[in-house]
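We begin with a single chain expressed as structure tokens, specifically the form predicted alone.
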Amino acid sequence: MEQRQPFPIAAWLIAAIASLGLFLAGADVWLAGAALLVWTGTLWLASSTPPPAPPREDDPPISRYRMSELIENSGSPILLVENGRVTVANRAARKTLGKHIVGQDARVAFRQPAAVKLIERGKSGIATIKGLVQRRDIWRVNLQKLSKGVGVVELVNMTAEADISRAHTDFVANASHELRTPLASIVGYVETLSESEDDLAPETRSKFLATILAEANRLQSLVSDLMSLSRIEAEKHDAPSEVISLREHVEQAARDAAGPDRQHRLLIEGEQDFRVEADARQIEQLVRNLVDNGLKYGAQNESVVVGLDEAKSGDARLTVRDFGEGIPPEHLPHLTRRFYRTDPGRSRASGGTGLGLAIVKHIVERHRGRMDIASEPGEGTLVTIRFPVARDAG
């Protein structure tokens, strides 16, 4: 039964005094009485309305069924936790943590001290945890309290952002190291030449100058490759719109990479041509990098074979094969990483920057192509790249 608020006697006395004042001021008796009656009725109605019940902290503001409907199709894993137990989990959460988490103790579901502490505290907050699903993944746990003992937990996968940040840090560190090495060599030889100007034999001086020139050329190549990689990454999401003859540019770039001194080791196979949507400059850079790698690391008495034919899928297939020492299988997944070298000493001695295949990978991705690298120790290496043929090519 609803309880009535106590009648406001003090307010009624004020109303009575005001009505009496009206009568003494010369107002008619009926007017003063009517004013008192209206005032009394208003106070009575106010006292008869019970005060609104304050919200109870232990009452969930929304039903579980309604909450399940709201969050089911969210792309982020979301869970409803009541009194430390998971009562609702959307599709993404069930896929990430398993269907068994519904009804499970939230501390068991997360198994991470930072997340458990956040849930036990029962207040809105954020925690970062590692290894929730896989060993190296990183998640942000966002708890939003709804009422006493009830909260919504959102999981945000931060692994990709962390990987990008780590890759940028590694890239800067590697680039700094690669730039510092030739610079240190140049500075050292120049200081020696300056301090021993009159004591060095002409042969020694010539040798030092040749080393300085070689290191300067290496530094120039490294800076050029860094700038190329930066430009290609900036254009990565802009698909080329120019339609070119693939064979024409492949042949020209392969011959440019071989140069007059290595032309006898270059073999171009196949007569078929393809029309592809491509950036001609980048296609030529891709071919030059692959052919140059094949000539550098292939057997010096063997040819590098460049082929162009049609794949079973109908794509244009470009292949570059050398017959060198080959690459051990453990290195294959890492070959397109920046500055990755299977043999650092040999690569630097041959003038390699460690960016050639990274540049090739980004060019292939921009052209919506696919690259595969196959190699067997002692059998050489085969790089295969497929490009989609232009729609109007037929």
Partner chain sequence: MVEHTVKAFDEDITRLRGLISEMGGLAEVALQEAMDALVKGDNELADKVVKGDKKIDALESEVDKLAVRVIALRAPMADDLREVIAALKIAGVVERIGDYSKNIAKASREIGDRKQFEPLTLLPAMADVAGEMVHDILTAYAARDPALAREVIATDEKVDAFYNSIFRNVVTHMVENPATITAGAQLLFVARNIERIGDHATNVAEMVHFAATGNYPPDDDE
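Just so you know, these numbers come straight off a predicted model, no measurement behind them. Just so we're on the same page, rigid core means the largest C-alpha set that superposes within 1.5 Å between forms. Numbering follows the first chain given and starts at 1.
Omitted here: the form predicted in complex with its partner chain. The next part is about that form.
Here the chain stands alone, but in the predicted complex its contact with its partner chain, taken as any heavy atom within 4.5 Å, falls in 108-116 among 268-276, 294-302, 217-225, 108-116. Out of the listed residues S185, T319, N142, Q104, Q104 is the one that sits within 4.5 Å of its partner chain in the predicted complex by at least one heavy atom. Of the listed positions (E248, E161, E310, E120), a single one reaches within 4.5 angstroms of its partner chain by any non-hydrogen atom in the predicted complex, namely E120. When contacts are judged by a 4.5 Å heavy atom cut-off, R136 counts as touching its partner chain in the predicted complex.
R85 belongs to the set of residues with a heavy atom inside 4.5 Å of its partner chain in the predicted complex. Proximity of H100 to its partner chain in the predicted complex: non-hydrogen atoms within 4.5 Å are present. In the predicted complex, its partner chain sits within 4.5 Å of a heavy atom belonging to G131. In the predicted complex, not one residue of 298-322 has a heavy atom within 4.5 Å of its partner chain. V86: CA moves 2 Å or more between the shown form and the other one after rigid-core fitting. Once you line up the core between the shown form and the other one, the Cα of K236 stays within less than 2 Å of where it was.
Superposition on the rigid core between the shown form and the other one places the CA atom of T128 2 Å or more away from its counterpart.
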